[in-house]
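Single chain ahead, written as C-alpha cells, the form predicted on its own.
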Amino acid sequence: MRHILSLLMENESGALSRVAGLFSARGYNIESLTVAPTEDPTLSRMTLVTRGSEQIIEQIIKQLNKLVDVVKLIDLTEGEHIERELMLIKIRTADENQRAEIGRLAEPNGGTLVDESGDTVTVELIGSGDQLDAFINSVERSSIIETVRTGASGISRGTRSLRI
C-alpha cells in the first residue's frame, strides 16, 4: 500500500542523508521525496512517498522516529489529506494547431503554457499524481521531449497538523 509520510526534522546538513541511508540500508524504496524549510528556519519538512505492507510501514516509522534529526512524523494516508505534485513537460509541436490542442488538453487539468520556443511548448501542471499521469497519457508519447516532476507534497485536512 502507498503511504505519504510527513516529517518535521532539524534543518541541518546530513539530515536528509541519514533518512535516505535508513531506507537504503533496509532495502526500502522511496518513490518520491521533497524537502524544504518551514516557517521556522531551524526545521525542514520532508514529504516521503513509499510502499509497503502495514508491518513494513510501521517498521519504517519506528526507525525514522529513532533518528535524532526527526522531530515529529505523521502518516498522512491515515487521515484525510491534500496531495499535490508539480510537473513541467516539454512537448514537440509541429504547428500552431498542435500548440492550441495541447493548451486545450492542459487547461481542464489546471495546466498553463509557460514557454513556447521554436517547435516546443512547455506546460506546467499542478495536481495529484493520477491527474499528471492522465495528462501524459493524453499526449502522443513520441512528442514528449522531457518531463520533470517534483514528487508529492501533502498536508492534512482540517485541524490535524504536523507541528511541534
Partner chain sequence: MELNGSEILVQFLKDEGVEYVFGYPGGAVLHIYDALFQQDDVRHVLVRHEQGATHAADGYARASGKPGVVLVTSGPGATNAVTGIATAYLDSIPLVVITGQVATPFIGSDAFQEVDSVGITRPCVKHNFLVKNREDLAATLKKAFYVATSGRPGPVVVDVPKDVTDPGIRIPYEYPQEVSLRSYNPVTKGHPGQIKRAIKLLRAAQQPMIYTGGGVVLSEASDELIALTHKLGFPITNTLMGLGAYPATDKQFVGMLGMHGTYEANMAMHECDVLLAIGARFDDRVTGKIAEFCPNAKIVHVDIDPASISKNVKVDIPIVGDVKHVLTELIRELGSRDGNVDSAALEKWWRQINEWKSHNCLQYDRDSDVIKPQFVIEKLYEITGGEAYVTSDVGQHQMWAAQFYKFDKPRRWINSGGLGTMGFGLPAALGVKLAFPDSDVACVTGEASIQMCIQELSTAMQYMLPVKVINLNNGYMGMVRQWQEFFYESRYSHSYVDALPDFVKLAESYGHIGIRIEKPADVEGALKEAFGHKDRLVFLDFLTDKTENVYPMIAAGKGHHEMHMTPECKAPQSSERELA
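The structure displayed is predicted, hence computed values, not measured ones. Numbering follows the first chain given and starts at 1.
There is another form of the same protein, the form predicted together with its partner chain; it is not shown, and what comes next is about it.
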For this session: Counting non-hydrogen atoms within 4.5 angstroms of its partner chain in the predicted bound form, say which of V68, A134, V114, A36 makes the cut.
Result: V68
Problem set entry | One residue of E31, E101, D130, D40 in contact with its partner chain, assessed in the predicted bound form (non-hydrogen atom, 4.5 angstroms) | D40
Exercise. Quick one: in the predicted bound form, does every one of I82, E85 and S161 get a heavy atom within 4.5 Å of its partner chain?
Worked result: no
Exercise. Since the chain is shown here on its own, which stretch among 134-142, 42-50, 101-109, 121-129 would lie within 4.5 Å of its partner chain in the predicted bound form, judged by heavy atoms?
Worked result: 42-50
Exercise. Is R149 one of the residues lying within 4.5 Å of its partner chain in the predicted bound form, judged by heavy atom distances?
Worked result: no
For this session: Tell me, yes or no, whether E58 is in contact with its partner chain in the predicted bound form, where a contact means a heavy atom of each within 4.5 Å.
Result: yes
